[in-house]
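Presented as structure tokens, the chain that follows is alone, the form predicted on its own.
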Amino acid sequence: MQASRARLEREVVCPFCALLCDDLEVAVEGERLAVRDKGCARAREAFARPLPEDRRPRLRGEPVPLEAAAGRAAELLGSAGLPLFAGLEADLAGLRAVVALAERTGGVVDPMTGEGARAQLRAVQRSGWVAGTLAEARNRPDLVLLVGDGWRAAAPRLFERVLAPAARLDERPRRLLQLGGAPPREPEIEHLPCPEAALAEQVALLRALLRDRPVAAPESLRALADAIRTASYRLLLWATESLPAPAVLVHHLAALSRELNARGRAVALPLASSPGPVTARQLLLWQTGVPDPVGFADGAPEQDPVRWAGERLSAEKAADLLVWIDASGFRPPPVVSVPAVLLIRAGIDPPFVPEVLIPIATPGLDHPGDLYRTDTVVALRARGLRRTALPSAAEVLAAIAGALPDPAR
């Protein structure tokens, strides 16, 4: 039997962080994928992860046909009082199917990405900030302030692609500073030590210094304030999911972005670590008019970060069914004491045996899919690279919807 020959795919979109780098070169040989150029360590591992031999759905750990798994999931949804649809790591088509199913079953849609995302949403709703894009961040600022070091884990190629690209539209020298976190390994980034617990206080002090308030502050912070004053185009950048005391810190960062625009230009760019929740929020905004978390229990979509918070619903057992969607293998589902339906990337072992487990295809690897970048202004088409028999999240959710009793409850 003649072995299949590898082909090289260029300008591949990587779906494994919310930067959605679109310059990868990937070798494809049958079902095997290998990043040959441009990818980070996360991309190389995620593309190369082999597919398991056994890709069958499972009921309580026992293999079954897809029809049986979808039917059991539909039974659970039909009898649930308040199903929780979480994770939300899927492409736009899959997330459309999630929202449609949640609306039909009176469920809750919440990616459950943590308090940082909630704090950012509250800041936007209450006072807003001056938001920037990745293109703007790459080309325009002459001073970049990185708050903490979570940016490295959230977007491994951020330095290469955005902070210090080979070419920029603006030829002015750029100054890169990091407040807090571990010392950067890049010599181009100046490090301002700050304990994690003091980051919010230091940013609050920085705001006071920039408003010429008579406050006691370390010389390093005064020097930072002077640097920000003399810059003409400032970028504030942080990683959403790794902020300490996010409610306070995001409030000050949002206010700082607004205040700096009184003298010169300043933009804020929070980094999400994965594209699924970003895509889900954009979808919810245009379909329902409100962002996550959204509850459909009362018939109409309602956004309430307290009432519909997935973490609280799970802890209090108010949600009696968990439907977890993760087509990319980003996060393990939470261990819950209620029945669970897991739609997860093939080859990922969950931390418990769920009622229903259905391995699904990964957008950008196993099928084409549309995903939003972390700056929310661009959706990229990630093309499929290989042929597998794995169903997409949209296909599985459509099968579950088709097995629901009609009319819906």
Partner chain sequence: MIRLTGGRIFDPLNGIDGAVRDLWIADGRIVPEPPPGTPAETIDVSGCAVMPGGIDLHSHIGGGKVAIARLLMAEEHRARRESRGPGRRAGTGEVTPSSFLTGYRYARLGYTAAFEPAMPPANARAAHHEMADIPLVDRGAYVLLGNDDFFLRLLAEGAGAEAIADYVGWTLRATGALAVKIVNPGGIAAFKYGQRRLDLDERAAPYGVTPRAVLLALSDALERLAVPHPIHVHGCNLGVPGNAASTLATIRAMEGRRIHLTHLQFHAYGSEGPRRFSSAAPAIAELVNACPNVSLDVGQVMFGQTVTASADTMAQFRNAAHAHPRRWVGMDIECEAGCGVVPFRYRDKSFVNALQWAIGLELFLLVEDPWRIALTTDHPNGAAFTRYPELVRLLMDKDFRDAAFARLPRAARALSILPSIRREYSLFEIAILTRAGPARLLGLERELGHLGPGARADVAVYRDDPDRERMFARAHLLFKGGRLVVRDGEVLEPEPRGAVHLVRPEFDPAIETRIRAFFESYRDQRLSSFVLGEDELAEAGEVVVHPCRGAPPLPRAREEATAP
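Numbering follows the first chain given and starts at 1. Remember, it's a predicted structure, so these values are computed and weren't measured experimentally.
The next section is about a form of this same protein that is not shown, the form predicted together with the partner chain.
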| item | value |
| --- | --- |
| Whether Arg49, Gly78 and Ile348 all lie within 4.5 angstroms of the partner chain in the predicted bound form by heavy atom | no |
| In the predicted bound form, segment of 159-167, 314-322, 174-182, 335-343 with a heavy atom within 4.5 Å of the partner chain | 159-167 |
| Heavy atom within 4.5 Å of the partner chain in the predicted bound form - the one residue of Glu201, Glu136, Glu241, Glu186 that qualifies | Glu136 |
| Contacting member of Arg56, Arg44, Arg32, Arg381, with respect to the partner chain in the predicted bound form [4.5 Å, heavy atom] | Arg381 |
| Any non-hydrogen atom of Asp298 within 4.5 angstroms of the partner chain in the predicted bound form | yes |
| 4.5 Å heavy atom contact, Pro193 and the partner chain in the predicted bound form | no |
| The partner chain contact at Val13 in the predicted bound form, heavy atom, 4.5 Å | yes |
| Close approach of Pro246 to the partner chain in the predicted bound form, 4.5 Å, heavy atom | no |
| Stretch 99-131 - residues with a heavy atom within 4.5 Å of the partner chain in the predicted bound form | Val99, Ala100, Glu103, Arg104, Leu121, Val124, Gln125, Arg126, Ser127, Gly128, Trp129, Val130, Ala131 |
